[in-house]
Ligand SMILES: Cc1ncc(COP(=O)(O)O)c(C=O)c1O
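Below you will find one chain, with nothing else, as structure tokens; this is the form predicted on its own, and questions on how it binds or moves follow later.
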Amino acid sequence: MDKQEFLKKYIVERRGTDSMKWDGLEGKFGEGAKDLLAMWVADMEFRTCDAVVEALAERSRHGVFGYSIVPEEYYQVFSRWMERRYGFPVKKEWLRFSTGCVTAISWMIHAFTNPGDACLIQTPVYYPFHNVVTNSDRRLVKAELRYEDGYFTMDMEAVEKAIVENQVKMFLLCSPHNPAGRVWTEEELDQVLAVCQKHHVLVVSDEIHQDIVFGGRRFVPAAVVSGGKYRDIVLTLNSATKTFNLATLLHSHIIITNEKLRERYDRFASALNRTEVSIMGMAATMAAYQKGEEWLGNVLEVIWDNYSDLKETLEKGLPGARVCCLEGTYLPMVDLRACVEPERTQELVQERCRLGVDYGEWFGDRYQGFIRLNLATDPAYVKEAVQRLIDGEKEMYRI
């Protein structure tokens, strides 16, 4: 299917559907924000693939949504997806389930650390990483990523310094990284995991964006780095939800390869008021992994074209703006600090341009003047957002 056919079939209007992105604008951005062009929240304006819709419809027609088991076929389908794409066949006994990756991060923190223990993040990073630590009565420790000319890298010295000085017990790794847009190389992962192994730090690797990579980049799960050298310290979290736009089906994976860690997690989980595995989430995920690859290929093409258009047009029309790299995820950062005083970013973006975006300071204290844009959307919205930024900056400074 060519791009235009895909867009005609799968782009949907989400206003008036209880969409957080569109119908929740005032709740997020304040009174009078209903008319903002929504470029925030990590979900898509694309209807999910036909196979998922059909699988959910078939399950619905059965009419019973009672307690269910995970079928053997599910484990096989998931393992084949992971092995074929990432060289990581997942054994049935390694797999546990959660209602979402952020929830799973919270569970990992509570299962494997104690109140007052230090947990490390690399900023700027998805803001629930900050909140899930502090709301769990753990100490939040930050190691800044290095930033230069739109590109982020890990600062290994800062990571080790933070671990040693704060006696860090757990490292929350975002891979691919949101919002830095990086798909970490195996060399980078090897270096940071070696530091964690050296200092007996458990690694929670949130890999929810694993399937959304560009430019020939290769995603490497933390658990397979250097032939699985660090597998015994890695707790892997992933899901089909970002890949196939399934977030509120509430279904994600916890992969624990180490037997002792699994036993410890299971003891913790036995004390929770646990929910059952989502029958609809399972049905959707199986169908997506079995029949959704062509749809995903089309989505990735649209996202990459949106990114290319954003970068070329904005940097040309708004000299000084820097669209940061996008190797993975669909959520690039835009550095506007050369175009607007950082403290006036919201005035420009929200009040003048009428855009609803994620602001850089939500991801890290040093990133006021950055915004994050969602490119898993209609290309017309991206073009409109870019033009509003160009026109709004000229108006603001009367150029």
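Numbering starts at 1 and follows the sequence shown. This is a predicted model, so every value here is computed, not measured.
Heads up, the form predicted in complex with the ligand isn't pictured, but that's what we're talking about next.
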Of Leu235, Leu193, Ile208, Met170, the only residue with a heavy atom within 4.5 Å of the ligand in the predicted bound form is Ile208
Considering Asn245, Asn178, Asn306, Gln122, which brings a non-hydrogen atom within 4.5 Å of the ligand in the predicted bound form?
Asn178
Contact segment among 308-316, 112-120, 279-287, 95-103, judged by heavy atoms lying within 4.5 Å of the ligand in the predicted bound form
95-103
Is there any non-hydrogen atom of Cys174 lying within 4.5 Å of the ligand in the predicted bound form?
yes
Would Ala42 show up as a contact with the ligand in the predicted bound form if we use heavy atoms at 4.5 Å?
yes
Answer yes if any heavy atom of Trp107 is within 4.5 Å of a heavy atom of the ligand in the predicted bound form; otherwise answer no.
no
At 4.5 Å between heavy atoms, is Tyr126 in contact with the ligand in the predicted bound form?
yes
Mind listing which residues of 282-316 have a heavy atom within 4.5 Å of the ligand in the predicted bound form?
none
